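In structure tokens, the next block holds one chain alone, the form predicted alone.
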């Protein structure tokens, strides 16, 4: 619930963006798609896309998130499936059966080893039918301009207020990692509590991301956008931007 409150403003934008991407780059798509979301979290996008009439499947490593997603999708009339799994070695029932797979909000950077990143992209590719689309969103690192960073979001719903703050340390260039810290301050029924998480992300410069994509022979990069989710605003894959959304097509 609290996670959804922080990101609920993005849900409609991301949903509209996915439809715009399919309209522009997925010419042979039917009106209803079969979608796979690796690292689906609480299922906010699964729910939104299911309400549009699409078949949605998703998985997440966190069993609490999976449980929450299952509950929210249970009330829908369309077919849904959510299970616990990992980005680098997930299992699906049938290869080549999905029209679209997407992994936004830089979750892909949880994979700290190159071999795991390669494995994950290969599995996403295997999940897609020919002509299917794979969208990956992540923040890039410019090692020449690499300060610490801080972001803050605030949202309210009824008598609940959530303040989410994220800090990132300068990247460790040799290790290709950056330390992250998220603090969520929740005020509910007059009481306040704080939840904090520490973890590492893998870093990618534009060149490092291009090198990774070159190892996935079955996916072709057809466009780049950013986290403004504006289909008319294309980006180049370079270090001029801090965030990028890759639109990859299955050959």
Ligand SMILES: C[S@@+](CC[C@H](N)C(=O)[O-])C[C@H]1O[C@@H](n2cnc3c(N)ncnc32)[C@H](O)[C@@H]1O
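Positions refer to the first chain, counted from 1. No experiment lies behind these values; they were computed from the predicted model shown.
The following text describes the form predicted in complex with this ligand, which does not appear among the structures shown.
Taken together, the three residues 37, 65 and 110 all come within 4.5 Å of this ligand in the predicted bound form, as judged by their closest heavy atom. A heavy atom within 4.5 Å of this ligand in the predicted bound form is found for one listed residue only; from 138, 87, 82, 100, this is 87. Figure note: of the listed segments 141 to 149, 87 to 95, 73 to 81, 125 to 133, the one touching this ligand in the predicted bound form, with heavy atoms no more than 4.5 Å away, is 87 to 95. Contact annotation for residue 2: none of its heavy atoms lies within 4.5 Å of this ligand in the predicted bound form. Not displayed here, this ligand is kept clear of residue 180 by more than 4.5 Å at the level of heavy atoms in the predicted bound form. By the criterion of a heavy atom within 4.5 Å, residue 45 is counted among the residues contacting this ligand in the predicted bound form. At a distance threshold of 4.5 angstroms between non-hydrogen atoms, residue 171 is out of contact with this ligand in the predicted bound form.
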